[in-house]
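Only one chain is included here, represented as structure tokens and corresponding to the form predicted alone.
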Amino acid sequence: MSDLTVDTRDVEDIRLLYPRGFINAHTVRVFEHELQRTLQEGRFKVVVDCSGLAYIASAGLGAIMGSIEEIRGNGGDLRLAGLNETVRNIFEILGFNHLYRIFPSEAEAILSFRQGGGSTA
């Protein structure tokens, strides 16, 4: 059994990803697969709802970094929502909070796209 599942759903033109568990070197392929499927489907407005994410290792951060150029190059953005304290600390220590917009809730992340918020970089 995997230590990670990733559910998805679409809200109009926004793809929501729901990773649950741990993203590390052993589980990152599950997360990468969903990110790649999202891009192959031409969905470039992405919200990763981290409320079910217990931990993210460098492999998971690499997966996010690996997709952001294509996402932003197509006029979209990847936004993060619902980070617990552990995951938020990881993002802040590595400076990801300066590279990605982080929101307290999924609803606020979705709304940020509706309010004309383009990419950060």
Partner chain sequence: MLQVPSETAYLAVVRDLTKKMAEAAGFDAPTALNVALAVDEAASNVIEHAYHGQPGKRFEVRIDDGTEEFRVEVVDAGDMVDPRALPRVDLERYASERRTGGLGVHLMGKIMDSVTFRRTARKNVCCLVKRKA
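Positions refer to the first chain, counted from 1. If you're wondering where the values come from, they're calculated on a predicted model, not measured in any experiment.
As for the form predicted together with its partner chain, it is not shown, yet the points below apply to it.
A residue is said to contact a partner when one of its heavy atoms sits within 4.5 Å of a partner heavy atom; Leu99 meets this definition for its partner chain in the predicted bound form. At a distance threshold of 4.5 angstroms between non-hydrogen atoms, Arg37 is out of contact with its partner chain in the predicted bound form. Though the partner is left out of this view, Ala54 does reach within 4.5 Å of its partner chain in the predicted bound form, counting heavy atoms only. Contact annotation for Asp3: at least one heavy atom lies within 4.5 Å of its partner chain in the predicted bound form. Not one of Arg43, Phe103 and Ser112 places a heavy atom within 4.5 Å of its partner chain in the predicted bound form. Along 83 to 105, residues Glu85, Thr86, Asn89, Ile90, Ile93, Leu94, Gly95, Phe96, Leu99 each place a heavy atom within 4.5 Å of its partner chain in the predicted bound form.
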